[in-house]
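Only one chain is shown below, in structure tokens, and it's the form predicted alone.
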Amino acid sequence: MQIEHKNELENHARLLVKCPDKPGIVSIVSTFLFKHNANIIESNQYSSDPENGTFFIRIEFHCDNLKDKQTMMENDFEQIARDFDMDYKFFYLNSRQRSAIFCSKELHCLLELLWEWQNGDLETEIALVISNHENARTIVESYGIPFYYLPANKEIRKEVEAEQIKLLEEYQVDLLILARYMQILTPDFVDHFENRIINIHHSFLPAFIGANPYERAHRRGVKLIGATSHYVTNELDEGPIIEQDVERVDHRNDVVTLKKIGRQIERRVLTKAVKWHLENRIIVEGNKTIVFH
């Protein structure tokens, strides 16, 4: 069954396009695919403003002998991209993205990702896990995934990040997932992986940014708690938001209960964000995202 599924993916690809909106975009892209004998499986589009806005489209397609055709298709598409001022990218499903996970002491988000990966529900190869604590080693290595313990604090941050970057390049990592990794990344590190680092924040951004959000939320008497998954930028916890979710709470919930509820939300929000990234459903536009469900 796995071999058959892999063979099917050999001829599947996705095309993401962002460009100034004007008539004819859908027609020209569809015609291009038709001329290359490609069959559109799924198509989603959005315009921020039909008159002066930006147009976004995600197309998933099947094309026989795609591996032999993909270079020619990309070369042919270049002229269309120039004519319509397109920012675009082809993604080929026969080549899985490779992910790395960073974590610290709390492992609930890491475990959720490992379970989803084990079930075949994440379109990725988890290449390695890096942590500034040893807590996750036994679990990670039981999945046959390399685990690296790299202590980190602000005094040695640059040296640690240099080692992390070396490992990420060695393992040819495409996506970095921060599964409750409780360290701030430097601008130099973030710049290496623009729009390729996904974080989970344990509160409903922009409320309660920073440390001890549940304690502060409890003192404030909040009626909703939640979690936000976003791309990491050099503005702390203010990168483009991918997914958010909330649950209702009340005065009977103490801090411990809030944290338990919050961890459940964090797990599902981070996993959704990672899945959507791996399925090429996200286009970043400024400091926000277009997510095609």
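Computed from a predicted model, the values in this text were never measured in an experiment. Note that residue numbering begins at 1 and tracks the sequence as displayed.
Just so you know, the form predicted together with a further copy of the same chain exists too; it's not on screen, but the next bit is about it.
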Listed residue that, although a further copy of the same chain is not shown, lies within 4.5 Å of it in the predicted complex (heavy atoms), from K158, K166, R82, R220: R220
Single option in E123, E116, E74, D174 placed near a further copy of the same chain in the predicted complex, where near means a heavy atom within 4.5 Å: E116
a further copy of the same chain in the predicted complex reached by all of S95, V190 and G262, non-hydrogen atom within 4.5 Å: no
L128, heavy atom within 4.5 angstroms of a further copy of the same chain in the predicted complex: no
4.5 Å heavy atom contact, H108 to a further copy of the same chain in the predicted complex: yes
Heavy atom of Q244 within 4.5 Å of a further copy of the same chain in the predicted complex: yes
Distance check, K67 to a further copy of the same chain in the predicted complex, heavy atom within 4.5 Å: no
Contacts with a further copy of the same chain in the predicted complex, stretch 269 to 293 (heavy atom within 4.5 Å): N287, K288, T289, I290, V291, F292, H293
